[in-house]
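There is one chain below, alone, in structure tokens, taken in the form predicted alone.
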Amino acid sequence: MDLATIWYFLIGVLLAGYAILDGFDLGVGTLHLLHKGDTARRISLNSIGPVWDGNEVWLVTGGGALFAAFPEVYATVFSGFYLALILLLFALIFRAVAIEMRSKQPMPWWRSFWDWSFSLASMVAPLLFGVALGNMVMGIPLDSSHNYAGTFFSLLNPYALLMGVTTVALFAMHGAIYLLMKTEGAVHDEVRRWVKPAMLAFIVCYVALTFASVLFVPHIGEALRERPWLWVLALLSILTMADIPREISKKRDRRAFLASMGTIALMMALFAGGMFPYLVLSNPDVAQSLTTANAASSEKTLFIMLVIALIGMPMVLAYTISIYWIFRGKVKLSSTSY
């Protein structure tokens, strides 16, 4: 395994970490407007208040690693998806502002405006992430200079939109399970009524996406034939997914959340394993694709980055674990609450 391959999977780990961690607070935001009353909405915000900004560090780190390890991929994706990424940036910024501003004033119209802003931005972000992922799976048109040769609207194809909707449904389920762990009383009972519909929505989207992938993305079938170990990941993801309703029915919320985390991690692993060695698949001309072989930085750069990562990643993990440990337990409202 060469350094470029190592960095391919390390970036995958960073993005999977982001999907798992920021996925649940995006899901909490997606469900935010379903809460009845100001108290329930404040408890919902408090459940992610200490951690949401730290969760986004994983996205920033993944983007930085992509820029340093595979600069041509960074240039192609960020220029080709420019408008979509600007919309994503606005959604993430507006969501952060809504979290901070929502309870600054007591007026109902003020809080309602920021509640809608928070929830809509929390839905737009995973939708755009999923659309980007769907296009990466399908492949995008690249010219001989590895520049994106399509338009913004060509990114909004049915398969990519289905991937986007599936991502929203997955994060909504993930967020609902997280809220079960963090709430109690009436709010907890309210959230428990949402979990089954959220699970059902995700399962329907997942089944539809699986059939669409088999029918319309032929290179996925090729990857499964060439790498039988991908079937093991697929089976594990199905088993992990099936464990979520089992744990929910037995009111083992923490185990259900771990199963939800495992589902996301295994889905990301399937994506990475199915795409390798392509970082940006060119469609229809596969020869124009960006791979770990033709898009990586120099060996010296990759080695220095690996040394820095081996030093820095334990620090990031330690920080993340300590924050979640400090703010463990059920959410309580106080004078410092959002």
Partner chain sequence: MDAALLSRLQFALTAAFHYLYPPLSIGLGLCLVVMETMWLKTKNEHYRAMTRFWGKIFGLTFAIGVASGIVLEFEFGTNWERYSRYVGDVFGSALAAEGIFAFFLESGFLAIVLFGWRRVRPGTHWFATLMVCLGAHFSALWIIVANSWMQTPAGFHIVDGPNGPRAEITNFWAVVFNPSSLDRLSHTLVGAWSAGAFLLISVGAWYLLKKRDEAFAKSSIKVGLSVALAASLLSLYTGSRSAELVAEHQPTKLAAMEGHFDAHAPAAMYIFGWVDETAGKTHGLAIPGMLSWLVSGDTTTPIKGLDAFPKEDRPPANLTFQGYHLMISIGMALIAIAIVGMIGWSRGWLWNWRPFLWVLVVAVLLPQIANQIGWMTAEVGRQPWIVWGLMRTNEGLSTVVSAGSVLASLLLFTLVYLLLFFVFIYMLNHKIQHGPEDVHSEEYETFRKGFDAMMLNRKPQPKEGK
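Residue numbers count along the first chain shown, from 1. All of these numbers come straight from a predicted model, not from anything done at the bench.
The form predicted together with the partner chain is left out here; the points below concern that form.
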Tell me, out of L230, L236, A212, M101, which residue has a non-hydrogen atom within 4.5 angstroms of the partner chain in the predicted complex. M101
Only one of A296, A269, V280, L31 has a non-hydrogen atom within 4.5 angstroms of the partner chain in the predicted complex; which is it? A296
Please state whether every one of the three residues G221, S249 and G262 places a non-hydrogen atom within 4.5 angstroms of the partner chain in the predicted complex. no
Listed range touching the partner chain, judged in the predicted complex by heavy atoms within 4.5 Å, from 153-161, 194-202, 72-80, 167-175: 72-80
Should K300 be counted as a contact of the partner chain in the predicted complex, where contact means heavy atoms within 4.5 Å? yes
In the predicted complex, Y206 touching the partner chain (heavy atom, 4.5 Å): no
Given that the partner is absent here, does M275 sit within 4.5 Å of the partner chain in the predicted complex, heavy atoms only? no
Mark S112 yes when one of its heavy atoms lies within 4.5 Å of a heavy atom of the partner chain in the predicted complex, and no otherwise. no
Along 52-68, which positions have a non-hydrogen atom within 4.5 Å of the partner chain in the predicted complex? D53, G54, E56, V57, W58, L59, V60, T61, G63, G64, A65, F67, A68
